[in-house]
Ligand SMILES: Cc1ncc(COP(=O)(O)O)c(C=O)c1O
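This document opens with one chain alone, in structure tokens, the form predicted on its own.
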Amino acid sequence: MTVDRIAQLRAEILERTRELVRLREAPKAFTPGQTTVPYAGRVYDEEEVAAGVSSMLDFWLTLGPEGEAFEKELASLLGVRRSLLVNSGSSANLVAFAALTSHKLGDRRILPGDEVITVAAGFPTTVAPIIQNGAVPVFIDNDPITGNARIDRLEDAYVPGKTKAVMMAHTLGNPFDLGEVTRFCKDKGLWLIEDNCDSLGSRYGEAYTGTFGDLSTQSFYPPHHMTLGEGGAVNIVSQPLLKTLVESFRDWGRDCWCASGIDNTCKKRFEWQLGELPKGYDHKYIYSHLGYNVKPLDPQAAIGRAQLKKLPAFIQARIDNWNYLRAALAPLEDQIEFSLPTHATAWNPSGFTWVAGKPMVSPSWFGFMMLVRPGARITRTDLARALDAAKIGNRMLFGGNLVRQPAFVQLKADTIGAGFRVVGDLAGADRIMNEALFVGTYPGLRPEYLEHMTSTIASAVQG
């Protein structure tokens, strides 16, 4: 009888939850200039809230059955060996890079002082883990039109015996030239970490981005393609050992790989002898790495599972919104230069013109980037102010040229020798820093939002 009553109460709670969300989230009237048009945000309905509430009713708070299911579903969607949940995309970058410093990788481990090629303009936590682990980031320039790395600078950045890895992001959902980058890494014997945080669902040829490197990372912060509130993931693409290493750094640095609440998976819990510990010391408390605790909560994973079901529709909405903005703003090309996908040579209302012999790419756009041309009627800052005044969310391309940021200027001043190395003059990254901003493409943009965005941009640019 008690079991039946519990099931009845649970069903009632979840139905009331769904009803509450339906009532609260009913569409509201839009008033141009008064209604805020965010550049990004969570898109959800009663299913995500009910999933979170249902998980909370079970009160399994730490990562557990929902997390395990989410990890399997994400890995299956992408086509990777494994996906491991963490508490943010930045944590994903941290543990992914830290995994490559493990002594268990032998000669391929990244040691303090080793160099890692990255790109100058982007988000700082793509680069921070390199420095935090004692390695040296080597910055190459961006192509300001794609936002991605200038692949022709890779050879200039490479130092035999010193360079150990490449770590960079697909800018705003636009895949970097994975064909050339993976060839370069294979030829030189380098690790590749794809920061896929802004690019979930983007394709390079027939495969998803985030499936070409040895490791890749995801973010599930609300502006991204799907959300767990906070959250991220590390995808293990190449050798299985990397799963064990990522899991160790995520879970306190422990040597044990038992899931939460499970003991003796290895069947020899009290038979290990590692380090200078006595033989038989509990394997659950043996630490092979200096790790972290960056796991999310199980209710977050429950929400993520509901979001994953909607991901194909979210991706298509981002593509459709980007295409709408590009077509509507085409008359402004004399004042604004627009971003192109990697390998594209031109755009017209029918689509892109592609470089012959290169795989076609399909970006799952995180945002719509514009470069205000030198000599235009307004500056990038003028355009940002006009958008702000109209309550239209906009952002510059994250940190711009990172080497100009206070943290990196201070790093250079504080470091004996070079805290980082720069290849070339970074003119493209500087142009992004001075001229670029982006507006949203996220699935919550209603048609009237998009019309307001384009008319505001046109009015600001044309005067």
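A residue's number is simply how far along the shown sequence it sits, counting from 1. None of these values were measured; they are calculated from a predicted model.
Just so you know, the form predicted together with the named molecule exists too; it's not on screen, but the next bit is about it.
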| message | Which residue, 203, 224, 305, 283, is the contact with the named molecule in the predicted bound form, using a 4.5 Å heavy atom cutoff? | response | 224
| Considering the named molecule in the predicted bound form, which of 211, 362, 83, 90 comes within 4.5 Å of it through any heavy atom? | 90
| query | Is every one of 169, 198 and 231 within 4.5 Å of the named molecule in the predicted bound form, counting heavy atoms? | reply | yes
| remark: Per contact check vs the named molecule in the predicted bound form (non-hydrogen atom within 4.5 angstroms), the hit among 94 to 102, 120 to 128, 181 to 189, 350 to 358 is 120 to 128
| said: Taking any heavy atom pair closer than or equal to 4.5 Å as contact, tell me whether residue 219 reaches the named molecule in the predicted bound form. | reply: yes
| So in the predicted bound form, does any heavy atom of residue 398 sit within 4.5 Å of the named molecule? | yes
